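Below you will find one chain, with nothing else, as structure tokens; this is the form predicted on its own, and questions on how it binds or moves follow later.
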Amino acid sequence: MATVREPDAASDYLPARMLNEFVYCPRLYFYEHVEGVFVHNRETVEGALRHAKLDDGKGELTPADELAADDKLHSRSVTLASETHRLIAKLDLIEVAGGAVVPVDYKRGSPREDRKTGELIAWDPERVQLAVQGLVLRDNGYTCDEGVIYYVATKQRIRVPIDDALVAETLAAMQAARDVAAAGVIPPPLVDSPKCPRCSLVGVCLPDETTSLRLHKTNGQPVQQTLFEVDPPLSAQALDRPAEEEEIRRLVPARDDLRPLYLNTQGLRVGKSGYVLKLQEKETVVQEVRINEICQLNLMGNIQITTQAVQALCEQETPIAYFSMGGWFYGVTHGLGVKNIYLRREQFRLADVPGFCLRLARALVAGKIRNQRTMLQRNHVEPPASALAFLKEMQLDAERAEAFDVLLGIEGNAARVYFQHFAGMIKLDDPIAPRGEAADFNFDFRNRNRRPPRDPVNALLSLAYSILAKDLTIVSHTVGFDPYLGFYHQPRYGRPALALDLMEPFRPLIADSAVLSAINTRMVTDRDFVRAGESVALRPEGRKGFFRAYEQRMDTLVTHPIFGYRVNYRRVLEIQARLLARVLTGELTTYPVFTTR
């Protein structure tokens, strides 16, 4: 299994909260402590708000040798460390009375009930966290024999004796946590655990999805796959979910509450006041948008944005994407992003392994051809049998391709046949009547052309691919990849090669489908184009109509072919990128390409 981290964490102080996370879930600990990944959910936000009041304390505590036997003190927000155990803890409240100190830790939930005695007791992760606080107090000369956990939900104090048994349990957990960090291998996800639905990192961890792909059932026993399978050859065919498998829980939301914001009006100026974006046309504010209601800001053409707005968006980790007026994707501005360098290191290492690159490229191209074939089957007015048979053959050839140049040829042949029949999926009931200056335009499609596109359909396709590349560039950043280093597309200055790799199977499903929807439902009409020499481009009204069609497609719920639950395409993009990360870090051996039937 690949190692994702050098063994250097053991020398660091281990925070008490991280030991709590380790006892709760070692994988959660690895994400937060080793990889520096953190995501808020409702529970963590509520907890942060409640602790904000406790953090108002001065953090002062009378030294142990200056405490009198009759001193009664309360100290808040005190940070102490243990040199003996290399532990550090921030204590919410310390109560001093009778020469002894008692740490009080605030928790937002409620205590659990002992099944045997019916007594209310603390949860194991919280007991261990409290024991760490007791150990750092003792190491600083204080007498500490017990601690208290205050549960906010039930307003109850639960006393926890810090005895030899709890200290031994805590030190064992501490050593195990350090061993995990030093090994640098992420622990496997919990299996069917009730903890997962409430975990803020469930969308990053994908516990059920990873487990279902990671394990084979052999004689009823789960067996982990190896990294590089040699015999038989790896198949590029998409994985289908076995019927006998148990249903996989959908622990991630089907849709995001946040939406992309597209700005298409030339001369617009984007400023901000507080956490509200103000869109100005000359001196008039034409619209206000809350930053926490958008997931990305797309600027098309000559639109100005202030430094203050860029800073606010970076602070909220909301990416800003830049396009030319014609839809050419220039790049992205974003915050510091994911701090985990270890995934990128594996990406760079494996990008230099020809066998790995070819294996992944075969799967991506075969998946794309399969989805192109499905598009023709579903949408062509009279699906051509010969073309479907040819695409099936090309899919099989792609799975067996032994070299990149062979794979490129197969992909090109499949694209040629697919686009030969693309016009059969354009279904306008009434012919477009000539109207004014746009009378020269129609939606006849003969072949794929670009740079520049020379007819309306190709103009729409180029814009669709550009936006999809932008979305996958942002997803790549979110997951922790370098989007400019791919495995199939070779590095080229300014080209997001990994985003182009990931988008191959989604070109027909998202981009082509959005183009067909825009044309067939008249969201874009012949009046929405303009000609400049040989090239054809969209007018601002046409781009607006196409963005609507594209976002409708991205928001479409689709059944995941492997996991069986329904999520929208925007969520699918992130899931697939995270599955590729699992392959790079050695948790999975095969990248399951997304295909539809």
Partner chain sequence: MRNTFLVCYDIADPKRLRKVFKTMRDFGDHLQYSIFECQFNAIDLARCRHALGELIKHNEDQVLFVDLGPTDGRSERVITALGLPYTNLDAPCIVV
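Since this is a predicted model, take the numbers as computed values, not measurements. Positions refer to the first chain, counted from 1.
The following text describes the form predicted together with its partner chain, which does not appear among the structures shown.
Undergrad: So in the model of the complex, are S193, E399 and R566 all sitting within 4.5 Å of its partner chain, heavy atoms only?
TA: No, the whole trio is out of contact, none within 4.5 Å by any heavy atom.
Undergrad: Find the only residue in C357, I294, V202, V96 having a heavy atom within 4.5 Å of its partner chain in the model of the complex.
TA: Result of the distance check: I294.
Undergrad: Which residue among M425, L268, I121, A497 has a heavy atom within 4.5 angstroms of its partner chain in the model of the complex?
TA: Of M425, L268, I121, A497, the residue with a heavy atom within 4.5 Å of its partner chain in the model of the complex is L268.
Undergrad: The chain here is shown without its partner chain. Which stretch in 22 to 30, 526 to 534, 558 to 566, 35 to 43 comes within 4.5 angstroms of it in the model of the complex, by heavy atom distance?
TA: Selected range: 35 to 43.
Undergrad: Although the partner isn't part of this model, could you tell me whether Q175 comes within 4.5 Å of its partner chain in the model of the complex, counting any heavy atom of the residue?
TA: No, Q175 stays farther than 4.5 Å from its partner chain in the model of the complex.
Undergrad: In the model of the complex, does T62 have a heavy atom within 4.5 Å of its partner chain?
TA: Flag for T62 set to no.
Undergrad: Might N264 be said to contact its partner chain in the model of the complex, defining contact as any heavy atom within 4.5 Å?
TA: Contact with its partner chain, yes.
Undergrad: Is V276 close enough to its partner chain in the model of the complex to count, meaning some heavy atom within 4.5 Å?
TA: Yes - in the model of the complex, heavy atoms of V276 and its partner chain come within 4.5 Å of each other.
Undergrad: Heavy atom within 4.5 Å of its partner chain in the model of the complex: which residues of 534 to 548 meet that condition, in order?
TA: Those in contact are K544, F547, R548.
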